[in-house]
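To begin, one chain is listed below as structure tokens, in the form predicted alone.
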Amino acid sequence: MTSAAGAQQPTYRGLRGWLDAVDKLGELERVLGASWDAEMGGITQMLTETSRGTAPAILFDDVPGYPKGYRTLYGQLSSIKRIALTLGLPLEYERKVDIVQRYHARMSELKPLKPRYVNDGPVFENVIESDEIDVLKFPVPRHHEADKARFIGTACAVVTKDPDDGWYNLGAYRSQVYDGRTVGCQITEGKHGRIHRDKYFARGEPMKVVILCGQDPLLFMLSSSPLPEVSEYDIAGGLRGEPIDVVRGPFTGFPIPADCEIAIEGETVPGQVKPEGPFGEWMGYYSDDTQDRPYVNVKTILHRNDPILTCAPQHKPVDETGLLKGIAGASQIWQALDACGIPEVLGVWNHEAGPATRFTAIQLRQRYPGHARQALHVACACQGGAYAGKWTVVVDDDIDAGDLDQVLWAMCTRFDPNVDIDLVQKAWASKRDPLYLPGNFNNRILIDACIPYDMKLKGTFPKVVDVSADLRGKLRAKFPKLFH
């Protein structure tokens, strides 16, 4: 089935169907015998850090000390092709920004579909309660050498319920293991899960949660995305073209994907805190100090036979989550630019070395004085770009926003430091930023790297040295082996 944007709904079903599809693409690496203690995370970083978006998904099995078949999966979405597969988009593209454009088009025309409740599913193959509860029955990794604990929730989706409106949010919040029955749940200020928890705690009530630790990568991607107050289940159903099948959790009553690999139900109670961290985070530093944070008392564990624990350790960029967060954020920024009436946006890309939305490039065709500055301010302040951004750059239509060499060329030849910089102070920061300011703020830099509008209008800016589109086409046709 094809949408108006020329995209197809995802054809795989569940994590295992996704793995089969990735295997057929030749992008799945199987590793046997790696330890949970820093080896899995180390292998992932070494395969990812210089991959330029081509690192494989890595399935670890035969983990020492655990039954064969108890597996971990790393690097789910560290290639553009796997992200396209997950979203149901064409696997081939000319420019990296093409996938953002297609994702943006899908989200713009999306009709959310609420999940469909079913009575049974593979996640009920094993139901663990009471004294049998032990999250360390899974090969939970210590991801980095300097981590002080094992973290079961990294490529996870934490389900919370708004106590006022009753809608379910899915967010990717890290979960440290304290013991077999107690795990952390670190949620940054301003995130929907944190807003939900603050509401419960203000009333002196506990908050129930479900931590999904092996779900469809589409749910993980949406959980990591800056989205409005609409359940990620509904958005996933809209992208898929059919509802997500869910069962009711025996403790929480929350919707749990019927084909989920591992689901942990529990509750977090006001006043119950433990020291949380440190954890090597997405900016590549141990900059978020260990502090007391609310934790989760585990009440039920559900899991499939031969479960797959999904993992996404953060490390020095380029890391395995920078691409997925960048694409998701770029799509939301593009949506905000459209919503604010910014015309002629041709591309948005968050560069992987500036993880998530730390370095955003916007490509547009200038139509009026101030067009570029308008785009800059909307992009840095909208929901998709507001959290922890740093650099926002706007370039002309002849510059590919996804090509960092071209963006830097524009910054070096079309940018005057005296007049083409704007600063935004006291913006929404992350404590993972080594330079965050007291109160959890940071400052942003906005770069107008477009040709000055009056020079563009008059045609007085120097002509670019380039090969014309006509000659490019002729050369590709004449020498196909050179440009395959």
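Note that the coordinates shown come from a computational prediction; the quantities given were computed from them, not determined experimentally. Numbering starts at 1 and runs along the sequence shown.
There is another form of this protein, the form predicted in complex with a small molecule, and it is not shown here; the text below is about that form.
Q: Please identify the residue among Thr268, Asn169, Thr310, Thr86 with any heavy atom within 4.5 Å of the small molecule in the predicted bound form.
A: By the 4.5 Å heavy-atom cutoff, the listed residue in contact is Asn169.
Q: Counting any non-hydrogen atom inside 4.5 Å, which residue from Ser225, Gln363, Thr72, Thr360 sits next to the small molecule in the predicted bound form?
A: Looking at the other structure, the residue within range turns out to be Ser225.
Q: Would you please decide whether Glu232 lies within 4.5 angstroms of the small molecule in the predicted bound form, comparing each non-hydrogen atom pair?
A: Yes, Glu232 sits close enough to the small molecule in the predicted bound form that at least one of its heavy atoms falls within 4.5 Å.
Q: Wondering, does Gly193 line up within 4.5 Å of the small molecule in the predicted bound form on heavy atoms?
A: Within the cut-off, so yes.
Q: Within a 4.5 Å heavy atom cut-off, is Phe124 in contact with the small molecule in the predicted bound form?
A: Although the small molecule is absent here, Phe124 would stay clear of it in the predicted bound form, with no heavy atoms inside 4.5 Å.
Q: Is Phe220 close to the small molecule in the predicted bound form, meaning a heavy atom pair under 4.5 Å apart or at it?
A: Yes - in the predicted bound form, heavy atoms of Phe220 and the small molecule come within 4.5 Å of each other.
Q: What stretch, of 133-141, 334-342, 310-318, 391-399, brings heavy atoms to within 4.5 Å of the small molecule in the predicted bound form?
A: Contact criterion met by 310-318 only.
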